[in-house]
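Here you get one chain, nothing else, as structure tokens; it is the form predicted on its own.
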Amino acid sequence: MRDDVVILGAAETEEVGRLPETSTLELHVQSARRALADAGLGLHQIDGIATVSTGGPGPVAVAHALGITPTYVDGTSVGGSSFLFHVRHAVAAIRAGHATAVLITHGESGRSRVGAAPWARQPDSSMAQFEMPYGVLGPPTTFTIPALRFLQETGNTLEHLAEVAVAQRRWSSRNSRAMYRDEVTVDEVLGARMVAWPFTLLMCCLVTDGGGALVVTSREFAEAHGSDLPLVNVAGTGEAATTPMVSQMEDMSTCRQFTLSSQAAFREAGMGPSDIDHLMIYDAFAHVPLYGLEDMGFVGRGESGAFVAEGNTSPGGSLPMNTNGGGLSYTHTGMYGMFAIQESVRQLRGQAEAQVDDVETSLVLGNGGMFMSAATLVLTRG
């Protein structure tokens, strides 16, 4: 396991949820300043900047707003997993000597749309030709297609989808920052308003405002210049992408990039699923954590639903998962990956509101688009 690159600073915006007075750029800037304070660094010590280049101000505008002149810039934009890609790319840049300290920012007015780019529709795109004529438009209707095939092929059930939402409310009930904190039952999840079959409202992610930022640097630099907070080692990373359209997936009952990215991260870290103490799986909808558990090898084919229903991912379970409440109950601004990383950092530092005992290793799996891209981070304590 390599331990030469670390996450030195990590912070979210002061608030997440409904922030109608705060613009997208302000969310970037606020989270960046808070992450720098957490790291114990000044703006002059940052020479790298990374954020998505679509749907927001982009890395150049964020750097300019902060007063940074970066010599390393990453604008990778592959959906909500982008921030995990940014971490991976920052690690490579630091090891190659292209950057010393990289600031990765996220800010999104997903609910209030303050300063946000308008939703784009491309009438001449492949999606317009092959999916939109059949009513496949946007996450709820797009994600239903692989979800139904997954249930059919694996034997998982609607009740198992509901169990994911139930488990994550158990975690969010312990998190004062979570948007939804009341615990729910399987019957309440199944009985909630139908959005798009088979998803009821409580199986769908929140739509919120907020942001977060990370400072990634070498261990040598962190120990010489950073704060006294525990360091989080980036032990392994992986990334993969397949198709931007669900209609073109090779097999809708599995997400190949989940497997590919996690295998790469495990290989680099010298670990496997049994070595992971804590797990964050991007949960735009309730089926995605089930895919993640199976495709990364934490459980066998068709076993994920029962694994969650038996309480293994809930408080006190064998594999605590989505301990902030996830995108279903904590927050989901549209691109959730940053918040999953933040919770892993908090757990490894021992700072989480719903803290799990003795977390030494944490895995973060990010999904981009509707099974378009994925990235995996294996993080370890200091």
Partner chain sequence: MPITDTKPRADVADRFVPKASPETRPFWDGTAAGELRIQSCTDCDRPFFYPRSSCPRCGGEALEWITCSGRASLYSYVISQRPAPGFEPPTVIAVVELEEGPRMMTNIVGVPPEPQFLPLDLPLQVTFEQRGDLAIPVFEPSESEVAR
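Since we're looking at a predicted model, the values are computed, not measured. Positions refer to the first chain, counted from 1.
Omitted here: the form predicted in complex with its partner chain. The next part is about that form.
Quiz item: Which one of these stretches, 251 to 259, 184 to 192, 96 to 104, 71 to 79, sits within 4.5 Å of its partner chain in the predicted bound form when only heavy atoms are counted?
Solution: Selected range: 251 to 259.
Quiz item: Can L148 be called a contact residue for its partner chain in the predicted bound form at 4.5 Å between heavy atoms?
Solution: L148 belongs to the contact set for its partner chain.
Quiz item: Heavy atom to heavy atom, is Q129 within 4.5 Å of its partner chain in the predicted bound form?
Solution: Although its partner chain is absent here, Q129 would touch it in the predicted bound form, with heavy atoms inside 4.5 Å.
Practice problem: Evaluate V136 for contact with its partner chain in the predicted bound form, applying a 4.5 angstroms cut-off between non-hydrogen atoms, and reply yes or no. | Solution: The answer is yes: V136 has a heavy atom within 4.5 Å of its partner chain.
Self-check item: is_contact(Q263, its partner chain) in the predicted bound form, heavy atom dist at most 4.5 Å
Solution: Output for Q263 is no: heavy atoms all beyond 4.5 Å of its partner chain.
Quiz item: With its partner chain left out of view, which of G115, G297, G155, P140 would have a heavy atom within 4.5 Å of it in the predicted bound form?
Solution: Checking each option against its partner chain in the predicted bound form, the one that comes within 4.5 Å is P140.
Quiz item: With its partner chain left out of view, which of M245, A235, I276, L206 would have a heavy atom within 4.5 Å of it in the predicted bound form?
Solution: Contact with its partner chain in the predicted bound form is made by M245 alone.
Exercise. Enumerate the residues of 317 to 349 that have a non-hydrogen atom within 4.5 Å of its partner chain in the predicted bound form, in sequence order, or give none.
Key: Read in sequence order, no residue approaches its partner chain (within 4.5 Å, in the predicted bound form).
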